[in-house]
Structure formats: C-alpha cells, structure tokens
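First, one chain by itself: the form predicted alone, in structure tokens.
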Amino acid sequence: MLTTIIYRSRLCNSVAFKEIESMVAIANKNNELKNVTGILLFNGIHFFQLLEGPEKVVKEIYSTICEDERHYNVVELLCDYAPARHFGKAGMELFDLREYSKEKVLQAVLNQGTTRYQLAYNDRALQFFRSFVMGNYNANYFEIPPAESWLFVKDESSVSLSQPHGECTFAFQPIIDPLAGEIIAYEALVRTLSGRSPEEFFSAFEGDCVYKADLESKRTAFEMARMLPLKNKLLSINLMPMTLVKMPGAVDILLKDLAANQIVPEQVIVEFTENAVISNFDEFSAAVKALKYAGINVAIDHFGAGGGGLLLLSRFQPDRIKINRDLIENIHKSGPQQSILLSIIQCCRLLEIQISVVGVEKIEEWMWLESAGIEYFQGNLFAPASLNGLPAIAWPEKKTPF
C-alpha cells in the first residue's frame, strides 16, 4: 500500500547545515534502495518533509526520523494513502528556502510532481507545502522545550478519610492551574467500596435503578466533601444526563443534599458525559436550566470522545467543557489533533466557555496545551485520583540552567 507521511520539526541549534546536506545525501541513496521518494524543505530553523513509498518501509523510516536527536518538536501533519505517488523523481531532495524566492521553491516542488494537474489544483500535499513556504503555519506552531526542562515536586496536601458506609465511595482528583500553583476544583469520582471503576459500580443495577443509584451516590460524595478541606475550591460531580429526566425532582434532591452538608450550589459543578445518550432533550434541557437557576455550574465531560459534542454545544452552552484524553494523547506529535483542539479552543473563547483538559500524563502534552492557551489540567502527571481522600499534587518547577 502506497503511503504518504508529511511532518515538520525544528533543527537543534548545535547542528551545522553541512551536516544536513550530508544527511540528505545518505537518505537519498537509502530511500532509492527502499523505493521511497521524498522532498525536504528547510528554512534555516524548521524542516518540512514528505515521504512516500510502501507503508511498512515509510513508517519504519519515519520512526527512525522521530528518534534522530538532530531535530525536535517532530509533528506529523499527514498520513495518507493513494494509488500513485505525488512526487516520484528523487529518493530525497532538499530545498533550502533561504536561497530561493517562495515562488521558485513552489514551482520547483511542483516540477517534481508525478501528476502535475492534480498537484496544481486540489492536492493536499501541495497545500501543506504552500503553507510552509508562505509561513502560514507559524501562528499555530508552538515550540516546546525538552521534558527534562521541568521538575515536578509533590506538596503535602494529601488527606485521608475513613471509608463511608453505603453502597459506594469516591476518589478525588484535583483540577489545577499548574503555572499559577492553584487548585481550582476537586472531581469526585464514584467507586465501588473496593475501589473499582464506575462501570463496575453501576453494573450491579438494572433498568432505571441505575439512575436512582447515580443520584443517591451524590449524597455520599457531598458527605465526604464536607469532611475535606475544600475551603473555596469547587467540587465537580458526574451525573448521567438521563438521571435528570428519569428521576422526578432530581434537582431538588441534589439541592437538599447540598444544604444538608453545608455546601453552597455555586461551589458545585455538575458534569455530563458527551457520549451519553440523551433520549429526551427537552426535559434534559429544562433540568439543566433548573440547575443553573439554582447556581450550580454545568460542564460537558469527555468532550471530543463521542459523536455529538458540537451538536450538544449548539443546543445548550455549558459553563465549562472538559477535553477528553483521547483527543490530547500525544498531541505534541499530531498535527490533526492540534488543529482540532485549536478549533475547539477558538469556539469556546467566542462563547466564553472555560476549558480544562482531562487525562494529562506526559510533560510534553501539558507543555503543548499550555502553549495553546489551556490553563486548567487534570491527570496523573499532577495527581492521580485518591480513594477516600485528596492526593498530594506534583507542581511543575522550571529547572535553573547551569
């Protein structure tokens, strides 16, 4: 299967241009032997490269490229398949953008094309080349330092509670602003008494009993929260959308349980999962209005994981959305993920909706997301969910250069 990969990266400052020329000469010979063709653009700082050939070989070469320490911030922009090559006249050809005008470089690239008419009018690969040559990528290209630039230092904020009586317990995980050193909220995550997942807890119930269990479990969350030093921090809870529809007086029950535990509604965020099925949106919408009228904040959880996020966002605007792990995993390496997230950020800024990100596990993910404008984070990089209590938090500290 013929595969095309396009990526961009940044040259390490210690690498001379002569070394690049030597690298290209070697790559040209190796690529020809492996039936791989390609074009490499260089503007003095950044590389932009296209590789084409058999899928297995191209992906092996790209994997080796990603490991090369002469460049960093490698971002895959395109991985596509086609019946014929875009460029087929060289194993690897280098174009130094500093030596030619933009128009000459684009024409030179076009001259390497195997299907010139398609390249001129509707070819995605050529459009990527055009954006790089014209510098259109710069606004959304974030340079992040090596992960080793940061230390993560745990504080002494952990708190433990005894296990509550009843059918369930909760694990608490902080939502933080890492650079400001602030805890924004704690999310209460339902668990079985043995600490197992929400799915396992709810699997013990059938039919509408699952919605009753969902609502009643929040009483336990509020009781535990009352015994924790939340102070002015927000408390975030998850609720199935249909719980509001299926359980009569669900909002009043929540408010009553909050009052019994001396928690004000304005301190609470109710999260609804995007990919949960809402079979009666009108009733759901009415219940959301009742929540907001009472002062409770509303969020869409796991945004980007289901198929109806944008539609749901168009029908009611939450105070917050939480971006799902599936969308941000290894985002520092993926151009498509970056473009999608930047579009979501722009949309939420226009609607004045606050964004946080869930499931951050890698330093590079966090650094890229910070660069893109995200402020609030939740994930094991900072603190795992702590059963029956609050975890210690690992705060980032920039290493002092020697």
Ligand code: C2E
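Numbering starts at 1 and runs along the sequence shown. Source: prediction; values computed, not measured.
Below: the form predicted in complex with the ligand, not depicted.
- Would the ligand in the predicted bound form be within 4.5 angstroms of a non-hydrogen atom of every residue among Asp214, Arg325 and Val360? All of them do, each having a heavy atom within 4.5 Å of the partner.
Within 4.5 Å, heavy atoms only: does Ser22 come near the ligand in the predicted bound form? Ser22: no contact with the ligand in the predicted bound form.
If we define contact as a non-hydrogen atom of the residue within 4.5 angstroms of the partner, is Thr273 a contact of the ligand in the predicted bound form?
Contact check for Thr273: yes, within 4.5 Å of the ligand in the predicted bound form.
Q.
Can you work out whether Arg85 and the ligand are in contact in the predicted bound form, taking contact to mean some heavy atom pair no more than 4.5 Å apart?
A. Close contact is absent here: in the predicted bound form, Arg85 is far from the ligand, nothing within 4.5 Å, heavy atoms only.
Practice problem: Considering only heavy atoms, tell me if Leu258 and the ligand come within 4.5 Å of each other in the predicted bound form. | Solution: Flag for Leu258 set to no.
Answer option from Pro198, Pro164, Pro265, Pro178, heavy atom within 4.5 Å of the ligand in the predicted bound form: The option sitting close enough to the partner is Pro198.
Option touching the ligand, based on a heavy atom within 4.5 Å in the predicted bound form, out of Arg219, His71, Arg191, Lys233: The residue in contact is Arg191.
*Going by heavy atoms within 4.5 Å, which of 286-294, 182-190, 245-253, 225-233 lines up against the ligand in the predicted bound form?*
Correct option: 182-190.
**Study point:** Heavy atom contacts to the ligand in the predicted bound form at 4.5 Å, residues of 236-268 in sequence order
**Key:** Counting only heavy atoms within 4.5 Å of the ligand in the predicted bound form, the contacting residues of 236-268 are Asn238, Leu239, Met240.
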